[in-house]
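Considered here are two forms of the same protein chain, supplied as structure tokens in two stand-alone entries, structure 1 and structure 2.
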Structure 1
């Protein structure tokens, strides 16, 4: 009996080639299963065969997006797959975006089932949940086996055109799709039953879950701006020329800490933007357009603010996970607080 052909996509780390030092790796093909593909093949069973594993560096993917998509598509198409898996990527920013992007391309161009696995708080979950089945995973590779099982469950059902149940049952990221169903009880009766359970502090499941958003209470207004020490931070990617901390153009895994002591103007000779999500031409010509050091120095000289803090913090917001962004904000806020900064200007792009 002819086996069902599977192609699997992974990054340079899970391909066993290297870490960040190999993140610029161009796409390549390995015959058969590699890395997490071993677990994928075991769970798929004898009916399926991973005929090829496509490996690509995370940086190469996100920095060459329009070039890499046709490159990878050709490599995948050459192996005539009947189903395609990518990852799982867990909470990884660049890797998750790569997995989601290539799954979208394969689904559109080859018309075969595609599945990847990501953590619910990752950028990929936000970007691709409406268009793809994303198996819900843990935030790290510690949950590898369960993540692969969930991917296989979804993939096999898609391939065999079997019905896929609710996200809670099938363990995928909710897609925001609602379907009409028939119930023996009227809506009013169901609503009262839920209310009774809620009042009794018993578990219940709403039929219309609402989105959950962070609520950040505003800070108290400054009593006197002329007594304020003002800090600068932002996610527009302004960094010293050459990007010494190698902040990623997308899905930043870090933020930079840079001195502007004695600097009254950010020039293109000394600073640039590392951001990969917008046209940085004008930002690179005059980085003050993104991080307004020049204006704040003028205000400092005029006595309208007491002082511009001599350190600024910078990262790239493009594709950066909510979890990482929250952590950066908390750490930067604490550093400002420790330096007696009592007002901050946060710029984006």
Structure 2
């Protein structure tokens, strides 16, 4: 019987070529298994054959990211694999990124199962968890055999189209996918059971883990308010009437940039809220209730602040992903900085 063709990607170190001194190594191919490929072949068993090992220096990979992709893809394709493995990379920064990147390319271009293995705290885990099955590994090569075993388990299931269970059962980095399942008990009963366990300080498992958030050190205080340019932004959905940018009422995919030059008061004639999920009657009656332009213009006139920045940025917070919100926040902060804004007021409904 013909064996299932496997191609394996590793770096210069695991390829036995050299350490940092060889990190600039250009891609090359070795026939058969090399280094960790020996364990990979053993665990895969006789049904499979590692036909080629692709080796590339970590620096060469990350410094030539766009060039290296087609180069490696060609080498991989030449060997006509049915399944592709990379690494495991453990907690290695560049190697993990290389493994994740090449897996993504192979998955997309060749449409075959791909698996790599990384440590949960590695940059590659954060970068690729959504798009790839990443076997969860130890943080160093001491965990080689178990890492390869986990990669093989995932790879074989993907190839044979077998169902893949929960991350903690199958040992991969959670992909952020929620799946509907039937439960014996109602939600209320499950919630109370969880609470009882929590009160008893027993281990319990949440059904909806909260995303983790950044912490940033507090900004320095302003020395002089009367010298400050103040910017306004927020997620209450205030937009010019008619919502010209069509900001979505829920799960906003963008934020808007709007001028309030010469405007001393947000009125319901010119502005409104595009927000879903809360009753916007009051915000539409008087949008200052969400973005206090009237007060800040008065404080500007009175000389309490130097200026209210003439542009405000606005989005809808309803169901908007943390990831998108973080990006909007970073962009808006940069725009404020570029405009010499000294302080920003963010309002949320």
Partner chain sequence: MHIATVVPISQTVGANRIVPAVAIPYPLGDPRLTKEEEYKLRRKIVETALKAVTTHIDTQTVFEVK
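The term rigid core refers to the most C-alpha atoms you can superpose between the two forms while keeping them within 1.5 Å. Positions refer to the first chain, counted from 1. This structure is a prediction, so every number in the text was calculated from the model and none was measured.
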query: Form predicted alone - structure 1 or 2; finding: 1
query: Is_shifted residue 221 between the two structures (CA, 2 Å cut-off, rigid core); finding: yes
query: Core-superposed comparison between the two structures, residue 129 Cα displacement 2 Å or beyond; finding: no
query: Rigid core superposition, residue 246 Cα moves 2 angstroms or more between the two structures; finding: yes
query: Displacement in Å of the C-alpha of residue 271 between the two structures, rigid core kept as reference; finding: 49.4
